[in-house]
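Given next, in structure tokens, is a single chain: the form predicted on its own.
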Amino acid sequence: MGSIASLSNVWVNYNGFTALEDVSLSVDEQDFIGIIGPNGGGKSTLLKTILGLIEPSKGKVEILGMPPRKASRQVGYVAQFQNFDRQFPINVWEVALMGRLGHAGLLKGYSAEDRHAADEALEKVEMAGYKNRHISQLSGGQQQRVLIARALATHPKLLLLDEPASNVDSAMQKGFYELLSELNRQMAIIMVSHDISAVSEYVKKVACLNRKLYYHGTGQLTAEDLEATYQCPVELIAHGAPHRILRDHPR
């Protein structure tokens, strides 16, 4: 398999605070990597570093052998849901079409190719029938599918998802994760999530991040990695879909 992205000994510092510490990660074609960790552990920072929105203080990041900014059209990104204004006056198809801004430019306008890409992206996430619906009229899960369509419109090789199921109703989450599994046939995915059970069940590989990255290139979570990440004792219990339970520990 070819390499899609690589991070080598990456450090990110903000005003003397270390957000990422000596992080190395390799992402291959059709990888589906789940990243878990505590709030403030650097998960969103990691995605933004891969996007080229944050420059590392030390280390190297490459996407398809290029610096992230040069490969930006090859990467789709869905930010945390609360960053999206659901009342903005825009319909579903227009949201998907926004994914083509990097191709169209602000002054050139959208081409027939851009419009076709938006239609195709909505088909992939099973939202084509809602293309004329105002975005605020959709459920949380439907809105999240449209935001993924926006990311897919650029035909990415790598899809980055920051807490993608945070606003998806629990009854709809299974279908949502199955959609991601289907998309993974066509592209590599990195997904940040607090839902350890979902990560364990649907992704192919798991990493733990709390400034440092604990990653073995497998789908297995170890108690040692979790305890190093969350800095407290962790007990793993599995029945059916895996569950994780924290033992009592000092606050």
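All values derive from a computational prediction rather than experimental measurement. Residue indices: 1-based, along the sequence shown.
Another form, the form predicted in complex with a small molecule, is not on view; read the next lines as being about it.
### Message
Based on heavy atom distances of 4.5 Å or less, which listed stretch (25-33, 63-71, 44-52, 183-191) is in contact with the small molecule in the model of the complex?
### Response
Of the stretches listed, the one contacting the partner is 44-52.
#### Entry: Heavy atom of G217 within 4.5 Å of the small molecule in the model of the complex
Judged by the heavy-atom cut-off of 4.5 Å, G217 is well away from the small molecule in the model of the complex.
### Query
Is A19 close enough to the small molecule in the model of the complex to count, meaning some heavy atom within 4.5 Å?
Close contact exists here: in the model of the complex, A19 approaches the small molecule to within 4.5 Å, heavy atoms only.
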